[in-house]
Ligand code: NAD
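The chain that follows stands alone, in the form predicted alone, written as structure tokens.
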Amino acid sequence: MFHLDGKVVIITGGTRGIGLETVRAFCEQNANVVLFGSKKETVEKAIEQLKMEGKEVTGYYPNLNDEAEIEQVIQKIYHMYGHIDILVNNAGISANKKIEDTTSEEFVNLMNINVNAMFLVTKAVVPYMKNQKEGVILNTSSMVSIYGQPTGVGYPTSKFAVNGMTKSLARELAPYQIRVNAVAPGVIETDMVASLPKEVIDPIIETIPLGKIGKPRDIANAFLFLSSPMASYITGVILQVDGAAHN
């Protein structure tokens, strides 16, 4: 349906939640999927879980703030397949502390994982995509990138940055036929959302016209669409997948 057979797809943060479901979705479209995780154990666990489901993937666990390590892994993937077609920057962490309780170290760490890592992985794949004269880069944003959230200021700040990088790179890379878009999930059934306090989640759910929170597959399907030829004239878009929560 999505014409992704044989495409090489790299998915960061691919060991759980939205990332793992996105790995499944691309596997079902006969893509060659490479997942990145933060630890050897989580990567191996995800690969084993997928294998039990009949899905074969490759996995790595580079330090996403180590430019040289990232470039080495990306080069290895390129030599393995001969092309890199799609990058899904999904790795990220959330925050829910009040600003006075947030240390500068916590804020910097969040920005490193949510923004700097995305920049470094994207930077590493762009030369290969430029040589191919085509490619797709997709970033995980958030509904809070539109209007913020009551606490945990670092998270929406990072996602505003994700949106800015997405829109800017879409313009910069368009001459090379590289499309860059982001998906902004609403409240989705993931571990990250489960860790947020009830007083943060409940008021948000009340604003969702569809009256429910989303599933990881809802986001994975958006990534599939934006990766496919059906979205060949779409770039620089922050696609909101949130049940009309902020429309």
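Residue numbers here begin at 1 and follow the sequence given. Because the structure is a prediction, the values reported are computed rather than measured.
Heads up, the form predicted together with this ligand isn't pictured, but that's what we're talking about next.
Checking 139 to 147, 120 to 128, 99 to 107, 79 to 87 against this ligand in the model of the complex, the stretch whose residues place heavy atoms within 4.5 Å of it is 139 to 147. Heavy atoms of residue 92 reach within 4.5 Å of this ligand in the model of the complex, making it an interface residue. Of the heavy atoms in residue 188, some are within 4.5 Å of this ligand in the model of the complex. Though the partner is left out of this view, residue 57 does not reach within 4.5 Å of this ligand in the model of the complex, counting heavy atoms only. Heavy atoms of residue 204 never reach within 4.5 Å of this ligand in the model of the complex, leaving it off the interface. A single residue from the set 113, 73, 161, 170 has any heavy atom within 4.5 angstroms of this ligand in the model of the complex; that residue is 113. Contacts between 1 to 29 and this ligand, taken as any heavy atom within 4.5 Å in the model of the complex, involve 13, 14, 15, 16, 17, 18, 19.
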